[in-house]
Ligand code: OGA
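Here we start with a single chain on its own, the form predicted on its own, put down as structure tokens.
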């Protein structure tokens, strides 16, 4: 039986009583999916995870999403991304390494894969090595933020459509490989989304949100930045300080997140991540 421990007033919970690496019954999978809909962010501590178990669990929640960097650069389909500064051979990258600088883009508030035509539903990340200082991941709920908006603001944003553009958000941080950039043309998503299981709505912004269709540039940027700031007020943030063995699932349909800095010269950080392909059910009609 799942034991659920809320971690924040608006979202996020720690779950006990389940081994994600072992056989899971249909009822257990349904309970996890229901908890995602309710809490948006689930923390499962002390999981003895492996890549094989991780991918198996991912498939229980849906189709795994191809990792976009490898796919864009080479055309190869892989389902894992590595977060941190530890390579597959165990060597460590320092603060000056190009990959470390590129990953600094993760320190912007964003929703994973919002730059894809059908964004992901959830990200599933397991921590193998974590820094002794820094390297937390912060989360904020665009669903809770939507519910805090005045009714007039909700009416104003309801019909809007937003351009999401990976190259727009990441090229100021570090160069984007030309093949990778070409594989991710800008896409348009509704400003307001709806959870198909609960009917609760949220707005959908973040660093990949470039502009509002039909709006002037300054007005567009001002509203997108105001909405992001409204969602990420300090009191509305849950900051997760990773422990080795944590498996964390978050709902990209309604959460923003960002990494925080750590000293890559001093510390090792290795986390493995998969994402689940989204469906059109998570979107309101254009």
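Numbering follows the first chain given and starts at 1. Nothing here was measured: the structure is a model prediction, and the numbers come from that model.
Another form exists, predicted in complex with the named molecule; not displayed. Remarks below refer to it.
**Q** Given the stretches 59-67, 221-229, 38-46, 257-265, which is the single one in contact with the named molecule in the model of the complex, using a heavy atom cutoff of 4.5 Å?
**A** Comparing against the named molecule in the model of the complex, the contact stretch is 257-265.
**Q** Is there a non-hydrogen atom of residue 21 within 4.5 angstroms of a non-hydrogen atom of the named molecule in the model of the complex?
**A** Residue 21: no, not in contact with the named molecule in the model of the complex.
**Q** Does at least one non-hydrogen atom of residue 164 fall within 4.5 angstroms of the named molecule in the model of the complex?
**A** Outside the cut-off, so no.
**Q** How about residue 10: is it within 4.5 Å of the named molecule in the model of the complex, going by heavy atoms?
**A** No, residue 10 stays farther than 4.5 Å from the named molecule in the model of the complex.
**Q** Just checking whether residue 238 would be counted as a contact of the named molecule in the model of the complex - the rule being heavy atoms within 4.5 angstroms.
**A** Output for residue 238 is no: heavy atoms all beyond 4.5 Å of the named molecule.
**Q** Only one of 207, 137, 114, 141 comes within 4.5 Å of the named molecule in the model of the complex by heavy atoms, so just point that one out.
**A** So the residue touching the named molecule in the model of the complex, by this definition, is 137.
**Q** Out of 106, 195, 211, 100, which one falls within 4.5 Å of the named molecule in the model of the complex, going by heavy atoms?
**A** None of the other options qualify; the answer is 106.
**Q** Verify the flagged residues 250, 269 and 275 against the named molecule in the model of the complex: is each one within 4.5 Å by a non-hydrogen atom?
**A** Checked in the model of the complex: all three residues contact the named molecule.
**Q** With the named molecule taken in the model of the complex, which residues across 71-86 come within 4.5 angstroms through any non-hydrogen atom?
**A** Contacts from 71-86: just 83.
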